[in-house]
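Next comes just one chain, in structure tokens: the form predicted alone.
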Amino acid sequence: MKSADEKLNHVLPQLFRLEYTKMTAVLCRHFGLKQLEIAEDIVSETFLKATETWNSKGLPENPTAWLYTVAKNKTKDYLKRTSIFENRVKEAINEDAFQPASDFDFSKETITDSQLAMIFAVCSPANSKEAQICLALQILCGFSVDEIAAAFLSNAETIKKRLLRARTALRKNYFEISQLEKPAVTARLDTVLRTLYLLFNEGYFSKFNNQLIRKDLCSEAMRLTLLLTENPLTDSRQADALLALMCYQSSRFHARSDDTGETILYDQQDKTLWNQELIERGHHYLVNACSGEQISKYHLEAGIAYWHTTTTAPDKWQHIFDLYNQLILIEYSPMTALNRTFAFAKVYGTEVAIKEAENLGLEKNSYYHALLGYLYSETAVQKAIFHYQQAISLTKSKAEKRTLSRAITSLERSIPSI
């Protein structure tokens, strides 16, 4: 049984991840996106008070309600400071967009509307698409600079500069969180979907956590994507396809790791642990996604994920390989190329797949070496061990390092003693 300190250390980071962005979205709806820093300060102060109070008095009966109550009170206190409001805020905001404290609330409807509107407000054409996604990942998804850098295969300093410029552009252009309008939705939807896709991917295969799977990130990505599909203005065939992909991938969570958190590779997964309800939901959204004529990367990836959830189709790897061939033409990425090579191995064998992989020239990519380690494991054990060691040296994921080390140990045991 967990101690009070252990429970607090588990609950507080989880609440921060789930509720921080919701609170920020609602506050920005009142202050305007130009005053983003004020909203973030109030929410940060709320969590600071939670840390201090809960450490001394223990967790309240309803921690989430406690946070929203404190945030609401802090906002009202801020608005009562007339002199600060007059001197620092009033001239800088659009008075028409400001709502008085009496209308302030954290109702479920307000949170939903605010988050949906904020997603599209942050994804503003005042910034480049890359900057929009970076800012959305930071503000709406709680990503650290290092996590954003990993998602973009960039370095932290570049991302810091990009975020600073993006925030400055939002302030200068007086963007506000308002009711969604079709032109803005149409222009910004691709960026919004890309942001949610990256959020889910970090949860599905985390690079910065002791756990390979971060279900909190995946759940948040699914929740926000579901918001898109439930609103007539933001629903689209691409959003349906993305949600289908998320459902299929999430269906295998319980089979992807054991009780100690160690990774279980696809071929060794207990398929009885796959969540059939999520698979059925994936079917529903994939059917919706295919009701139009558009085929996006999300359609193709959802199709690939669909075939991964099938257990009896004899030609499923051929279908997966064909879909990867289409996907790589729409959007090339190192991960797509590596995944395609894995499917290639399943269809044509490891010997030709090794040549296919080595032609990619991704020597600085940990997944490249992990794939070669897998492909060499049956025919050249020492080469397999070498590539697994290279992968360990290149990855930042502790969970991945453990999985790769376990593979090396297994290979070393298979070497006949002299």
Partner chain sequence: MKEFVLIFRLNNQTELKTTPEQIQERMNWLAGIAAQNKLADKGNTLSNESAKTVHADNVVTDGPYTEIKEFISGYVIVKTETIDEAVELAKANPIFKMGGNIEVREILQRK
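Residue numbers count along the first chain shown, from 1. It should be emphasised that the depicted structure is a prediction, and the values quoted were computed from it without experimental measurement.
Just so you know, the form predicted together with the partner chain exists too; it's not on screen, but the next bit is about it.
- The partner chain in the predicted bound form is not approached by residue 226, whose heavy atoms all lie more than 4.5 angstroms from it.
- In the predicted bound form, the partner chain sits beyond 4.5 Å of every heavy atom of residue 56.
- The partner chain is not drawn, but in the predicted bound form it has no heavy atom within 4.5 Å of residue 286.
- In the predicted bound form, residue 222 stays away from the partner chain, with no heavy atom inside 4.5 Å.
- Residues of just one listed stretch (229 to 237, 277 to 285, 334 to 342, 132 to 140) have heavy atoms within 4.5 Å of the partner chain in the predicted bound form: 334 to 342.
- Contact annotation for the candidate site: 367, 380 and 390 all lie away from the partner chain in the predicted bound form (no heavy atom within 4.5 Å).
- Note on the partner interface in the predicted bound form: the residue among 326, 201, 154, 257 having a heavy atom within 4.5 angstroms of the partner chain is 326.
- Checking 190, 262, 322, 216 for any heavy atom within 4.5 Å of the partner chain in the predicted bound form turns up a single hit: 322.
- Residues of 352 to 374 lying near the partner chain in the predicted bound form, listed in sequence order, are 356, 359, 360, the criterion being any heavy atom within 4.5 Å.
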